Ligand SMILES: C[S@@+](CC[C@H](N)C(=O)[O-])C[C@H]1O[C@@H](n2cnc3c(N)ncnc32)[C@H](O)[C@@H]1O
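Take a look at this single chain, the form predicted alone, given in structure tokens.
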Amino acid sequence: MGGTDWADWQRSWDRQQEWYMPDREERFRVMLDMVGALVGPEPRVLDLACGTGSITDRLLRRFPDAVSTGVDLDPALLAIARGTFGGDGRVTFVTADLKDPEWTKELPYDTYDAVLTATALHWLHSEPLAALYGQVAGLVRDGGVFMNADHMIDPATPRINAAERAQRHARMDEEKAAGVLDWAEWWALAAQDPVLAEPTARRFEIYGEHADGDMPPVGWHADTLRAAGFGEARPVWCSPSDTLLLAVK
């Protein structure tokens, strides 16, 4: 694997994700602002459903004395993450299924200052997501934080939702015509890479093309987190399509 350009795969993943979410970096900035404000500049962080380690990358650039545990089940994205952060003693990656009730036993720490996740938990249906929130509440120390940046759709605003979706897809169509890779095309490239081909095949055996989860509204997330044991929960950033929800233990 020594010849693989992991930094190039990271940049390629970021470009693909930004096609869907042009405000992605702003979400990360606000997320890390809140980490610094609430738990300080040397946090122990759980990067939940970490993918290629996008949050961990930005965390360590912002807070060099932080430590991070990345958890995911995707063998291809974890291969990129491990290749990117190989040799960095601040980072540990764990292969685990968040729907497995025993997944927390694989973690190197019992508690974390912050549990962070982005564009991942909409792969889960509401019932397993509520169960996961209960487990997360057990991992966050008193005074610690949980943040979820994801699609949270309000069914009470159908006209706003339709207009936002139409505008977003018009922009995406223009960028696609200019050559931006979409999700399927990115994965097709990964499947052709000598190092990533085998973990990519395993990834599709696990997930299929895409998981069929839920996208409940912000209020559901806030209420569920408070019921799980968090003292406060509310949005701290939003775009027309996405929300960053912060909960404090």
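Here the structure is a predicted model, which is why all the values come from computation and not from measurement. All residue numbers are counted from 1 along the displayed sequence.
Not on display, but discussed next: the form predicted together with the ligand.
Residue contact check for residue 207: one or more of its heavy atoms lie within 4.5 Å of the ligand in the predicted complex.
Within 4.5 Å of some heavy atom of the ligand in the predicted complex lies at least one heavy atom of residue 50.
In the predicted complex, none of the heavy atoms of residue 19 sits within 4.5 Å of a heavy atom of the ligand. Using a 4.5 angstroms threshold between heavy atoms, residue 123 counts as touching the ligand in the predicted complex.
Picking from 156-164, 133-141, 170-178, 114-122 the stretch near the ligand in the predicted complex, with a 4.5 Å limit on heavy atoms, gives 114-122. Contact check for 28, 97 and 183: all three have a heavy atom within 4.5 Å of the ligand in the predicted complex. With the partner removed from view, the residue among 145, 152, 77, 129 that has a non-hydrogen atom within 4.5 Å of the ligand in the predicted complex turns out to be 77. Along 230-249, a non-hydrogen atom within 4.5 Å of the ligand in the predicted complex is carried by no residue at all.
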